[in-house]
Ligand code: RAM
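Quick setup: one chain, the form predicted on its own, written in structure tokens, and binding and motion questions come after.
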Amino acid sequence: MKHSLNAVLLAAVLVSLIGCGSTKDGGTPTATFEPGSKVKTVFIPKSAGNPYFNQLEVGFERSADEFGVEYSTQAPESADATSQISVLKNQVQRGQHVIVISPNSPDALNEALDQAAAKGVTIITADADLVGHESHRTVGVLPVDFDTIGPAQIELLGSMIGYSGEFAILSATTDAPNQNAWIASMKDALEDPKFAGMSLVEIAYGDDEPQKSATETEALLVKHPNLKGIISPTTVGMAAAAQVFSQRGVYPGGKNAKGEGVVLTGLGTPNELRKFVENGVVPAFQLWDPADIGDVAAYLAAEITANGLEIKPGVVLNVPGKGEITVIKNNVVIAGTLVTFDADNIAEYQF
């Protein structure tokens, strides 16, 4: 009778363990994918309220059903270096198979990302990457070849100011990996004799907050009376700076322009900057279509989780609607190309 009772108890324990699924690190279930089900995927942007990421989500939303992805998004309230950690951990607890994240820092998230990966979660970075720490994610989806952005921004500004004069940069946060990479490549580009007449006088940080970005723009205009241009490689900063330029009338042809005026360019979205292009405040700016990132990230989420795709340099992806995309160094995938928007073509773009 005693042996019979022990057998019953043992069976009950086994059933209980099987019902709970595999667990690690304090009992959190691992992200086990059941064939035939949808791939649970969450996107964590840099912060809430950034319109740039709304367009990235368009790609996720239009591709999710096609690729068998159950898509959701959750954003931190600020773009601080550590603001995404609690969101990330919460989404692991919710049983996500894939976490797609646009990191606010190249290293502040590493421990949390490793903990998620240990539970079977696939980590995909999107738009920004863990520069120098790529081993903490499976694959990084970048909008364009980031090495081309800095030189392209310098060339664009240079062409509008005659390749001569002082200019400043209005960035996002001091920890933003994509911003820092672009700024570094801008500095490298300035070494070209073609840009010998251009001088970078200051890098300001608006923290991807509209008000702070506007305040920093005002300060740059006051501190540097000989300024001929500002590059803002962030959509929030670009929109805020354009508003300041419009109100102050310091742009070329503006009511308060000194000499040839101050040129504003950078990275922005057509919908936010359309009126500023049309009225001459912003002669031209650049970006890509962020929705391409969402399309490719959704494809990768499904292929890695449901079909066992192994990511390594040289692997060729056949992404529907995008054609063949080759995985490059550090398991990076390039989703699109850089576009220059001006008065001649901005009406063609609606995002």
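All residue numbers are counted from 1 along the displayed sequence. These numbers were taken from a predicted model, which means no experiment stands behind them.
In what follows, reference is made to the form predicted in complex with alpha-L-rhamnopyranose, a form of this protein that is not presented.
The contact residue chosen from 105, 96, 265, 235 relative to alpha-L-rhamnopyranose in the predicted bound form is 235, the criterion being a non-hydrogen atom within 4.5 angstroms. Proximity of 46, 179 and 287 to alpha-L-rhamnopyranose in the predicted bound form is complete: all three residues have a non-hydrogen atom within 4.5 angstroms.
The stretch that touches alpha-L-rhamnopyranose in the predicted bound form, counting heavy atoms within 4.5 Å, is 50-58, out of 31-39, 295-303, 319-327, 50-58. alpha-L-rhamnopyranose is not drawn, but in the predicted bound form it has no heavy atom within 4.5 Å of residue 216.
Contact annotation for 331-351: no residue has a non-hydrogen atom within 4.5 angstroms of alpha-L-rhamnopyranose in the predicted bound form.
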